[in-house]
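First, one chain by itself in structure tokens, the form predicted on its own.
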Amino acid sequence: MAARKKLNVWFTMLERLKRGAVSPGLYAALLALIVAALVMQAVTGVSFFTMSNMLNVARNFSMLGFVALGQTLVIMSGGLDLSVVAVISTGNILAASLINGNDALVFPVLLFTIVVGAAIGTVNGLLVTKRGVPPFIATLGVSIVVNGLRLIATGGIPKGNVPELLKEMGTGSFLGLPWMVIIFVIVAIFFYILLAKSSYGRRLRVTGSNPEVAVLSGINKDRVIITAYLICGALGAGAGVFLAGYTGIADNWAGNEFDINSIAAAVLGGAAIGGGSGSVQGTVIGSIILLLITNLAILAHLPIQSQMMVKGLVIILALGFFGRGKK
């Protein structure tokens, strides 16, 4: 009886966290960046709000969004996934080499690549749950192995061609809206339902917040955690395929910086390092904030070192003033 009462209290607390998943400060930070863009336009004449620039930001946002959604699930489970760089790069290479310019192979190869990403994610999850390897070490080790296998297979030189259909998906639009954004919105809606409305979302929150309570309530916490890593790997691989369509080339290091940026987007959006809280809408806003920072720094012609410093300072300030961590 005492255990049931404890569990009911825990679920009540989690429901409150879910309803207030997005901090008002996050919207304030987003508004501040929009104001900064307007001020920069007034002072320098350089506009963020040109159609070409906004479409470019939207496409980049979509690709970061895919990875950040998967990272959000992993962080909510109490872990981190540093293998997303290797998974994205591998998806990128597989897309170009297996499709090799043939439009008819785009969707079969996309499905195959997602399965490969899911398999890599499953290995991460098994190492964390069944072998007790810390998530940082497990995913870093898997990343090194995957990178090594990819470089051996390609000889360090990517081969293959990106077909026109995939290029259209990466850079084309429908009724003025980029295909990448349309695909991302569909995926984001699915994951909103998964986290906010399904039993898996509830089990994930409980598992990340308190594994002991999860076990006590009959939740198979290992399965929940493995599923989170599996989904993260699948989304990362899919992002790698779309990235090939966006850039039009195969790149052995296409996934660089997606690990840090996806973690930052998820945490900015309210995902607590240590597990238990997070939301799709928060991660979406966190991704937008990160890309706005990067784009404004580029438009201001800041050198890459200054861009990194500005991004880091904004993330620290945002988390310091508006962030939420696990208490």
Partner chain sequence: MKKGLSLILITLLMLSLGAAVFAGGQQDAAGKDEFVIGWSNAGMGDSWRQFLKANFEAEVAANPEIVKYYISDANERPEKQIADIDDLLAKGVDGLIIYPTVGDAIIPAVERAYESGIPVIVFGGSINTDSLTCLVTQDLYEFGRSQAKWLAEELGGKGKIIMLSGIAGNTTAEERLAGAREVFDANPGIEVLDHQYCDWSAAKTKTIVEAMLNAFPEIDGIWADSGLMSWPALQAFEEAGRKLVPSTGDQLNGYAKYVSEKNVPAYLYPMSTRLSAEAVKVLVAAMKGETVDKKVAASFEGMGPEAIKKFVKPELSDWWWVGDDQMPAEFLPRL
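Every value quoted in this text rests on a predicted model; they were computed, and no experiment measured them. Heads up, when I say rigid core I mean the largest set of C-alphas that superpose within 1.5 Å between the two forms. Positions refer to the first chain, counted from 1.
Not pictured, yet referred to below: the form predicted together with the partner chain.
S.K.: Only one of 102, 247, 122, 97 has a non-hydrogen atom within 4.5 angstroms of the partner chain in the predicted bound form; which is it?
M.R.: The option sitting close enough to the partner is 247.
S.K.: Using a 4.5 Å cut on heavy atoms, which of 181, 116, 151, 188 is close to the partner chain in the predicted bound form?
M.R.: The residue from 181, 116, 151, 188 that makes the contact is 151.
S.K.: Are 253, 304 and 307 jointly within 4.5 Å of the partner chain in the predicted bound form, each by at least one heavy atom?
M.R.: Checking in the predicted bound form: 253, 304 and 307 are all within 4.5 Å of the partner chain.
S.K.: Of the listed stretches (279-287, 35-43, 22-30, 292-300), which one has a non-hydrogen atom within 4.5 Å of the partner chain in the predicted bound form?
M.R.: Every other range fails; the passing one is 292-300.
S.K.: Decide whether residue 243 counts as a contact residue for the partner chain in the predicted bound form under a heavy atom distance cut-off of 4.5 Å.
M.R.: Close contact exists here: in the predicted bound form, residue 243 approaches the partner chain to within 4.5 Å, heavy atoms only.
S.K.: Determine whether any heavy atom of residue 108 comes within 4.5 Å of a heavy atom of the partner chain in the predicted bound form, and answer yes or no.
M.R.: Residue 108: no contact with the partner chain in the predicted bound form.
S.K.: Is there a heavy atom of residue 177 no more than 4.5 Å from a heavy atom of the partner chain in the predicted bound form?
M.R.: So residue 177 does not count as contacting the partner chain.
S.K.: Out of 39-55, which residues reach within 4.5 Å of the partner chain in the predicted bound form, heavy atoms considered?
M.R.: Residues within 4.5 Å: 47, 50, 52, 53.
S.K.: Residue 46: CA shift of at least 2 Å between this form and the one not shown after core fit?
M.R.: Yes, shifts by 2 Å or more.
S.K.: Could you check whether the CA atom of residue 300 moves 2 Å or more between this form and the one not shown, using the rigid core for the fit?
M.R.: Moves: yes, 2 Å or greater.
S.K.: Please state whether residue 55 has a C-alpha shift of 2 Å or more between this form and the one not shown, with the rigid core used for the fit.
M.R.: Moves: yes, 2 Å or greater.
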